[in-house]
Every structure is written in structure tokens, then in C-alpha cells.
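Consider the single chain below, provided in C-alpha cells and representing the form predicted on its own.
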Amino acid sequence: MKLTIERAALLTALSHVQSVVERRNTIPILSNVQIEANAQGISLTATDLDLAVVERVAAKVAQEGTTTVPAHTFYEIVRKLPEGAEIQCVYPSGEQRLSLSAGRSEFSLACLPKEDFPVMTAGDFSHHFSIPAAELRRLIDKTRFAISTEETRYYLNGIYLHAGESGGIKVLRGVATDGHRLARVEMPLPDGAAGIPGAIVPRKTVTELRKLIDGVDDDVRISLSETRIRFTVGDALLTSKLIDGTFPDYERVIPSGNDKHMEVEGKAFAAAVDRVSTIATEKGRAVKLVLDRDRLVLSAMSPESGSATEEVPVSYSDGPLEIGFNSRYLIDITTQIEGESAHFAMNDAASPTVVRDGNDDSALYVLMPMRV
């Protein structure tokens, strides 16, 4: 194998591919990225057996071939080379070393046989549809903060993607919950997505996909089966196993009868919660909301640190209410509000609260209260 490639193009592709590779691997080949050179350029592939990313990059290929090199070392070398550098890669047949040179810099990387590199079989995909990258970014950004990190509840360790109906209109929904808060985002159902199987997309896949679509303007092609999902983003292909589990019936925890309504300026409210919670102990970080006739008082207390209160102007005309929340969860939700106002629908101190963006009906958040 012999090729020449621009540093910038190689670095961009490597940044997407190498982040799939775990830092510690008991299987040596999984620490490597596969380089496959042919007349069309090169393909870079990395996998952790659950997730695989393949990205094509333009290159001048003098001699075709395939090998694998340590992913993180390869990425760091390319990252540290000067901007505008032309990189030459030579892999002589019969040798297990890749020679890499740029200007006066020369490196020799140990290779592992391409035959050892695992191929992630995708199987047959039953559904294919496309989503604008901007819509997919929005869906991810507004839900992933609520993904559970509790490995015992593995079925909550991702975003649940499925078809639904809202007000008689068919929609595609993304839902995430950790049992304390829930985020649900909707968009019009794309052509080809009707009847898709509900898919729980794992947290790591969501993270890698978000990096791939950053700054992308085109549509993202999604292919789906019962056990796999594939995203095609330009010259990159991300294939992932789905979480094998049943996502809970989240509709049951979204209250419909909350009759106490508060409207508040979203950014000002989030900033006030952040200030008051400074005093709260790290474990609970509880913040109390005391509401009464267009007046909200936020307060937090800690036996070690002291206490804090702040009054926030709100629109509220229902009866007096005292309710407590985990301040970090409250901030996570209110920072998703892009419009000027946040709408809170509450019932009592023990019932879940619904939060909506005043300018966006397609996003809904549910937050469980806590005792304060």
C-alpha cells in the first residue's frame, strides 16, 4: 500500500473514527483502525463490536492495500503534524509496519493483520428514511441529557426512537429518561418511517453520531432493522447494535391533569436556580420553589454552608404551592428552552411537573419533585 493524503482531510476523518475505539482493550485488534486504500481513495474503519464507523477520504493511491494501525497513536501523530502537510503512507507487503512521513517527520507504526479485524455485519434493513441533519441534532441535543447512566437499567441507556401520533399528525419521537426526568421531542414523520420498530439507540452511538453530524447541512439517511441501525452522513457510515430491551411505557408518567401553571423567563430562571443552588449540598442539591400570585421565591439550605434565597418574577395566578427539585435536573431542562418563556404545569409537591418551551410545542419535559 502506498498513498499520499492531505493532513486536514485525514485528521477530520480520524477524529470521527478513532473516538469509537476504547482506551483500554483486552482484544488488541480493537485498539486499531483499519486503512483500506483503493482507486477511489481510502476507507478508515473502527469498531468496538457494538458500533462501527467507516469514513471515506480522498487520497492519491499509488498502490492499493489494507492494514490496521493503533487508532489513538495514528490520530495523535496526524494531529501534531503542521497544517497543510502532505502525508505519505507506505505499507510494504510482507512487513507489519506502516511508514508515515510528512516533511522532515518520519514515523513507523506497528500493524496487526487485516484478517484479524472484525467485520460488523449489518444484516438486512427493513426501513429507510432521511432526516435533515439540523432536525437530528435538535432531537439529540434536547433529549440526551436525560439518558440514564445506570447500567442495571440498561433499557434506559439510550434514546428511544419510534413513530407516534400527536393531535392526529404522525410524528417521529425521540424519548430519553432516567426515572427522575424525561425528555420527549417530536418532528413530522419522514417518508419511509411509518411502521418502524421502536429502537433504543445506545448512549455511545448517540455521542458518536452527534460528532458526525456537527456542522452538516445535508440529510442523514437512516436504515433500521429489529437489531441494528445505520446512519449515512456524507462519506461516513455509522452502524450500531440497538439495545435489546423494552423501553417503558413513558406516556403513563406524563401527567395531563396538572392545573397550576407558571410562566417564567427561561434563561433568567435557569441563572437564578444556578445561583441559589451554589449553597446546596452536593448530594441532593435540592432547591425549593415557593409560589404565590405572580411571585416565586427560590431557596436552598445546607447545614454546612448556610442558606440562599432569590425572588423571581413569574406569571402565576393559582393557589400557593411549595415544591422542591434537584437543581441540576432543573437546570438541565430549563437550558433546553430556546424561547423567551418556560411554561411549568404543576399539581402538588409530590406529583411530576411538566415543562414546555413557550415557543416550541414539539418538545416536552417531565421532572419528578423531591422532598425539601
Partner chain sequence: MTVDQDENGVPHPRETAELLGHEAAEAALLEAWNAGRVPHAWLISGPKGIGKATLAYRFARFVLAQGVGDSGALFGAPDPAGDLAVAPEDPVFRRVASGGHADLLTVERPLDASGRRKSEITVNEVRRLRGFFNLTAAESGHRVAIVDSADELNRNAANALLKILEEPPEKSLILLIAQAPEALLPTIRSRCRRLALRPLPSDLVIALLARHYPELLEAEGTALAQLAAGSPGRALGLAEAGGVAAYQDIVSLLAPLPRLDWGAVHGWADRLARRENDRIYALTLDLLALWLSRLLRSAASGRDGGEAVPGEFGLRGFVADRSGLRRWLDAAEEIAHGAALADALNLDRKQLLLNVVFALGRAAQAMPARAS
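Everything numeric here is computed off the predicted structure, so don't read it as measured data. Positions refer to the first chain, counted from 1. Think of the rigid core as the biggest set of C-alphas that the two forms share within 1.5 Å after superposition.
Not on display, but discussed next: the form predicted in complex with the partner chain.
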### Query
Only one of 265 to 273, 133 to 141, 93 to 101, 239 to 247 gets a heavy atom within 4.5 Å of the partner chain in the predicted bound form; which is it?
239 to 247
### Summary
From G234, P188, P118, P255: within 4.5 Å of the partner chain in the predicted bound form by heavy atoms is P118
## Note on the structure
The one residue among D50, D332, E310, E36 placing a heavy atom within 4.5 Å of the partner chain in the predicted bound form is D50
### Message
Please determine whether each residue of F145, R285 and A345 possesses a non-hydrogen atom within 4.5 angstroms of the partner chain in the predicted bound form.
### Response
no
### Task
Would you check, heavy atoms only and a 4.5 Å threshold, whether R228 touches the partner chain in the predicted bound form?
yes
### Non-hydrogen atom contact P202 with the partner chain in the predicted bound form at 4.5 angstroms
yes
### Message
If we define contact as a non-hydrogen atom of the residue within 4.5 angstroms of the partner, is P113 a contact of the partner chain in the predicted bound form?
### Response
yes
### Query
I29 near the partner chain in the predicted bound form, any heavy atom under 4.5 Å?
yes
### Message
Using a rigid core superposition, assess whether E22 undergoes a CA shift of 2 Å or more between the shown form and the other one.
### Response
yes
### Query
So with the core overlaid, does the Cα of T227 end up 2 Å or more away between the shown form and the other one?
no
### Query
Once you line up the core, how about T149: does its CA shift reach 2 Å between the shown form and the other one?
no
